[in-house]
Every structure is written in C-alpha cells, then in structure tokens.
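One chain follows as structure tokens, the form predicted on its own.
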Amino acid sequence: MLSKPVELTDKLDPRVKRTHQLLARAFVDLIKEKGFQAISVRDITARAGINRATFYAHFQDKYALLDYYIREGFRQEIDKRMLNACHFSRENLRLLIVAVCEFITTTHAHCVPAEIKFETSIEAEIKAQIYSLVLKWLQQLEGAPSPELAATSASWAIYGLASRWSHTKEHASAEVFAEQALPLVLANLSLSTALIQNN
C-alpha cells in the first residue's frame, strides 16, 4: 500500500519546521543509542527540549514521527539530485536507483535488524515517493502506456532490487548496481525501445 503524498515542508511555518527538525534530530540520536522499539515519546521530547503537548500537536505518536523522518530524508535525497525538476531519461532513472540504494543503506545503519516496523515504514515511504516521481515522468512522455500501472511496477522493482542489494553482505557500489538494475527496471516500465532511446 502506498503512503500519503510527500508533505511540502518548504511551505511550512519556520517555527513548525524548526520543531520538526528538533524532534527528528532527537529521534535519530535515540534510535542510534537504544533502537526504535525502546524509545518513547517522553524520551524524544526530553532529548529535543520540547514538551509532550507540543509533540502531539505535530505527530500522533512515534510511528508518525518515524514516517516523517523517512519521508523527509528520502525527499532530500531526491532534491539533492534535482530529480523532481527533471524528466524521464535513462540517466535520471539510474540516479533514482542510486538514491534509493544510498538512502536504504543510511537508514539501515540506524535500524536494529529485528525492528520490522522500521523496515516496513522505510519500504512504504520510499515506494510512495518513487511512484509519485516516476508517474510524473511518465505523464510527461507521449505514448507511455498505463502510467499508473507502470509507475507502480517500477516502484516495487526499484525498491525490491535496492533492498536485496543492501542486504547482500558483499555488494557492488550503488553506482555499479544501478547500471545492473537499470535494464530490469526499464522492462517493468513497459516502454517501447523508441521511447527509451529518445530519452
């Protein structure tokens, strides 16, 4: 199931952004120290120097904060590569695969392997953003068949391949892996050879 769309945090009130940043920073520090399951909202607010009422004004619980942290972190990876401002091309698709690989690697460094909720949230949030971005690209292409279906297929393929890569003990670099995965993802997009070559 795909998650809700990415929040436009750039348009948030600066005080709200600051509160979110304080909570996210405290959250990440605590995850590194104790693991996700062991931390409480009380721990997060104490570390952030924010009262619990303020926390609940922004997030329903620590799971909502987890989703926010993953969503925003991956959005920054996309923005860093300016993929939201781009169109479909083999190179942009390759860069997207690299971004997913690198983000999964970074978030796994903060995650205790047994914490299924962490893994599930990462998967849902990243798939949702891959879907939105690929759909946007496909809707700009004339002749792309079934953009929604193709974007769904691509989001599952990219995340699944990147996740498999990240769990392999000795793996190639993200750049090398992206080159290997690219033909498989393009096949999932069901684009004609002409469309792929023209982009």
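This structure is a prediction, so every number in the text was calculated from the model and none was measured. From 1 onward, residues are counted along the sequence shown.
The next section is about a form of this same protein that is not shown, the form predicted in complex with the DNA.
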Per-stretch contact check against the DNA in the predicted complex, the hit in 164 to 172, 51 to 59, 25 to 33, 141 to 149 (non-hydrogen atom, 4.5 angstroms): 51 to 59
Give a yes/no on whether residue 187 approaches the DNA to within 4.5 Å in the predicted complex, heavy atoms considered. no
is_contact(residue 16, the DNA) in the predicted complex, heavy atom dist at most 4.5 Å: yes
Please check if residue 64 has a heavy atom lying within 4.5 Å of any heavy atom of the DNA in the predicted complex. no
Even though the DNA is not shown here, does residue 41 get within 4.5 Å of it in the predicted complex, heavy atoms only? yes
